[in-house]
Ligand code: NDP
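Only one chain comes next, encoded as structure tokens, the form predicted on its own.
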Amino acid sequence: MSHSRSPLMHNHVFKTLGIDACYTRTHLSDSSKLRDVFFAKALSGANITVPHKEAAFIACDEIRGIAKVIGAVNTIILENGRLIGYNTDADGFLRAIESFGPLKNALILGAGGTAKALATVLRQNDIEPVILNRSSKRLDYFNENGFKAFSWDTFIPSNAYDLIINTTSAGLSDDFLPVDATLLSDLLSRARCAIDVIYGKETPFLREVKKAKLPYKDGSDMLLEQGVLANSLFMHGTVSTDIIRPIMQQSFLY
């Protein structure tokens, strides 16, 4: 994505540690060409953004970690001529929400690759996720894997959710909310906290969260933590995340 902070984050780490590497952006208009583009550019690693994370899963020769479960890849590493796929979104998100304290449940808005990653890792950590998406078209994965998942037409807000998570692109380049304003107001009135995976701007979703006076975060902490994990993978684990994290944090000051 053109707005991505990732080049600044990763290049700051490489420069600080004296690593001969460069992280650049590549616009991919056709997901099916991902593998061809990776090899044509002679890349050794890549991060994949929406809406290509499921296509990245298909493009890889081997999938490791939680990416196997969720079918979405956001980090690819070249290893002995083969593409190895990982997903660092899930663990990055977990670290980002630690400051909210213990959580029992969460409502995830959206049903894309990021929603799959977050739903899976939340359930693995005893936080019950509920998924709410505009339509039922993308809910098959969640239904087949035993998640509570609803379209706007079938959702009845009967519960209070500790955490509300926006994983949709609403507000990224427009002024839309991820769900109906009246419904969102009701949900926020009973929530404990909220997070938007979009970073670097106050989205309409976060404006409503602030009106509700809830503790909140944008996606910056998640971006940092998934970036730390990805950077360690880029360097094949030769540099620990404890060394990478403070260096990458410095890049957020620029």
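Only the largest set of C-alpha atoms that superpose within 1.5 Å between the two forms is called the rigid core. Throughout, we count residues from 1 along the sequence that is shown. Source: prediction; values computed, not measured.
The discussion below concerns the form predicted together with the named molecule, not included here.
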Legend entry - Heavy atom within 4.5 Å of the named molecule in the model of the complex - the one residue of 229, 67, 46, 197 that qualifies: 197
Inset, instruction - Scan 76, 184, 106, 111 and let me know which has any heavy atom within 4.5 Å of the named molecule in the model of the complex. - result: 111
Legend entry - Triplet 24, 33 and 55 all within 4.5 Å of the named molecule in the model of the complex via a heavy atom: no
Inset, instruction - Name the stretch, out of 166-174, 120-128, 153-161, 98-106, where some heavy atom lies within 4.5 Å of the named molecule in the model of the complex. - result: 166-174
Inset, instruction - State yes or no: in the model of the complex, is some non-hydrogen atom of residue 209 no more than 4.5 angstroms from a non-hydrogen atom of the named molecule? - result: no
Inset, instruction - Consider residue 63 of the chain shown here, and say whether it contacts the named molecule in the model of the complex, taking contact as heavy atoms within 4.5 Å. - result: no
Legend entry - 4.5 Å heavy atom contact, residue 135 to the named molecule in the model of the complex: yes
Inset, instruction - Report yes if any heavy atom of residue 85 sits within 4.5 Å of a heavy atom of the named molecule in the model of the complex; otherwise report no. - result: no
Inset, instruction - Could you run down 211-249 and flag each residue that has a heavy atom within 4.5 Å of the named molecule in the model of the complex? - result: 219, 222, 223, 226
Inset, instruction - Establish whether a shift of 2 Å or more occurs at the C-alpha of residue 224 between the shown form and the other one, with the two forms superposed on the rigid core. - result: no
Inset, instruction - Align both forms on the core first, then report whether residue 191 has a C-alpha shift of 2 Å or more between the shown form and the other one. - result: no
